[in-house]
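Only one chain comes next, encoded as structure tokens, the form predicted on its own.
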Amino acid sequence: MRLRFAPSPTGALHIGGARTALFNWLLARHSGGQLVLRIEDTDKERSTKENVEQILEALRWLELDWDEGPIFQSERAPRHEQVLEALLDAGHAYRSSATADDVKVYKQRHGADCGFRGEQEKEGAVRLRVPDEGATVVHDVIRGDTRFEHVHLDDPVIARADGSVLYNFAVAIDDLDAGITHVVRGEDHLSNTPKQLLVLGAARALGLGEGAQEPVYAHLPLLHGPDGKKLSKRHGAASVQELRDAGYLAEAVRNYIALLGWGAGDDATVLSTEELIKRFTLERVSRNPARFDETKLRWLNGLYIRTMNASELTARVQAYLALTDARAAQLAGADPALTQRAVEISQEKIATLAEFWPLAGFVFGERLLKPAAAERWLGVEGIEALRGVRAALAELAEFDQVAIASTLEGLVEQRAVKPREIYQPLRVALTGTTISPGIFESVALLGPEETLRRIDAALNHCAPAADTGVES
């Protein structure tokens, strides 16, 4: 089995393209076949080296490797020209100066369902001759057979007047030469397939690809957003790079997009890459549109984070911050044990790598007292509670999580208040915000000196206003 992933480098690798790449990769690895990476860069105006690198970078991040390539379609121009001339010489193709307006007039005269047939000329674009009778049938593993009657098909343009070939011609010849046995791609390409099959038929009539069978086609269902409309930026992240930058794990993304239009057969949701390879078949791909829901991806990503060992998660956090955040310098200079402990106490609360720093950055010296948090929790009652917390913590002989929990819970009971009336003023004093890992774990991680210093700073900042009965 030989498959190919053939992106056009006209932008970043979108989620739909990533799913196509993944399905081809899974099928190749499941079957023991080969995956060819082909860059379809014949659109000279929009294809750039930067976009090529973006695509390669996205595939590497997803850990989708390939066995051959990348092959650049533009570098195969001499081969395309050779086959084109052979088709012209054999009469399978002809030159025509007919324009789109000419085609329109033809259809008005002969009927909208009548395929356009041009006159052979010495100059002009190159059109492939479509047989007047019969039909081209696309055999699709997912969608079944689709029949395209030749009488309804126009003679397709396969090359411009300057000899540069068009997409459907180049794709068909490249697949033929590469020995591609299975073409797995989005269903938006279904209408291109009969044209490509006609090119393949004409090429085989010349003796090209002798013995080669038509590829097995599988056109994947479209991706929609949660609202049922075509997936776009309005639904959130639209490209692989955006998912990476948002702090998702590559293995969670692979798991999630594998389930977009494909099912394991037993409603399983969390599947390792090894399990995906073992189970993947085209027969389980649905023909109905699949819905990409970033909320579900975030939930699944959180599951992966919570099952990861602390040292591995710490390394992922460090790599993520190095890639996306200047704050990585603060993390790099920190005690490794402190960093890992900060990750450990955050692990249950974060769903993406991006959520680590806003939650635990205070541990590394980043503490900016937010006015709204201070106004809510460091008023008169909050300052009074914070003074009591400081006094109690200062007396601890052992400043560990157990002792801290016992002390703070004792204050809650002694004052007969809800836990948040004690914990939230302390949390705001330590972190500057109302959100942090567990308060007992946070206090223990900061240690006695830093904890008391931050409490004192909050008291000095807010006490004058609190003493006058005015919250600040």
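All figures in this text were calculated on a predicted structure; none of them were measured in a lab. Start at 1 and count along the sequence shown; that's the residue number.
The form predicted in complex with glutamic acid exists for this protein as well; it is not shown, and the discussion that follows is about that form.
Checked against glutamic acid in the predicted bound form, the candidates H189, H224, R367, R79 yield a single residue with a heavy atom inside 4.5 Å, and that residue is H189.
This chain lacks the partner; the member of R254, R244, R127, R185 within 4.5 angstroms of glutamic acid in the predicted bound form by a non-hydrogen atom is R185. Looking at 377-385, 167-175, 93-101, 258-266, the stretch with residues near glutamic acid in the predicted bound form, meaning non-hydrogen atoms within 4.5 angstroms, turns out to be 167-175.
Residue contact with glutamic acid in the predicted bound form: E40 places a heavy atom within 4.5 Å of it.
With contact defined as any non-hydrogen atom lying within 4.5 angstroms of glutamic acid in the predicted bound form, the contacting residues in 1-32 are R4, A6, P7, S8, given in sequence order.
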